[in-house]
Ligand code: ASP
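A single chain comes next, written as structure tokens; it is the form predicted on its own.
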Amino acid sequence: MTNEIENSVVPSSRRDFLKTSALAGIAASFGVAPRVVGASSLSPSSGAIAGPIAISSRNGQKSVLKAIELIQSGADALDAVVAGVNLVEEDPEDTSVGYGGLPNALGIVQLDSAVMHGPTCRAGSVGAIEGIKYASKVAKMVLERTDHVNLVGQGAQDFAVMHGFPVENLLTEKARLEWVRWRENMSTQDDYLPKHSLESTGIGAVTEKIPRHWGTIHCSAIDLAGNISCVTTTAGMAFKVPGRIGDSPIIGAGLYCDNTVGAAGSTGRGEANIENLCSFLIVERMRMGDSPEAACLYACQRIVDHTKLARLLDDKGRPAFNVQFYALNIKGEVGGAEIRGGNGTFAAATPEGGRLVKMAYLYKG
């Protein structure tokens, strides 16, 4: 295993990370500039309340600042992280989440999301929901206004409409053109597979040689009361088989939290995560004493050990795909890891400002 945690200055092009929130003023007063940092520098001092703190996948740099801003005003961690990821769900330039997300094989945008609320130990999720921009809000509504955990498809949309969510066309022109390009060039580059064996190769679009769009946003936070909550939301794998849901709406896979331990979430190849329930695994490893980073690395290794199909492996017998994990514990320590990496970072924020935190990894690449 390789673990590179370095303290270095982030290029000035990333300074918008701090400028996107009123927290920028707080950060400036302490002379804070966005930096890539190690997990330990975000830990609270001994005896301090472990919060507020928020973490997310790298595309949530604005999200963690929004979450901290709301927590500082007294918001519950769940309300804060959902509001944070809403910024990405409504951004048409982020083609991995919400409005502007890349569609399925038929050109239809289907979204997945889940939330967990540490204080009440409850969860809610939606899968393959169409026409609703803020899937995370609907997942939260499932938690709050039903006796269920999961709603999918038309039922999820009907539930959203019942609670006042408008049905909208989520397919932007940018995403439509990407879908057309895929349709015009697909052959072995989709998820419909012929009959195959454990040793079959050259089928399915999972290798680096056949680039596929994988994208999601996860956000976890600890609020002023020391309570933990988290959210994951996504448009899923680009050009997926219609009806496919990934790990994001699966409790224990796309996210998991325990108010006495911590929280974890994921991005990357959802199928690998579902088959190993890695977010649950990470929280349990932290319960056993692992640091957030060590727990994330453990989950990465679990996926490596359980990936057996030749079509999913590179020429060195390692997974030809990537999965990333993000975690924080009740002490306010944070960490992340991915299977393949070297330059990966995730976003974190405290009242002192935002940071990019270096991710550990198993394989350079």
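Note that residue numbering begins at 1 and tracks the sequence as displayed. Just so you know, these numbers come straight off a predicted model, no measurement behind them.
Another form exists, predicted together with this ligand; not displayed. Remarks below refer to it.
Although the partner is absent from this view, Thr234 contacts this ligand in the predicted complex, with a non-hydrogen atom inside 4.5 angstroms.
In the predicted complex, this ligand lies farther than 4.5 Å from every heavy atom of Lys137. Of the heavy atoms in Arg269, some are within 4.5 Å of this ligand in the predicted complex.
In the predicted complex, none of the heavy atoms of Ser229 sits within 4.5 Å of a heavy atom of this ligand. With the partner omitted here, the stretch from 147 to 155, 115 to 123, 243 to 251, 283 to 291 that lies within 4.5 Å of this ligand by heavy atoms in the predicted complex is 243 to 251.
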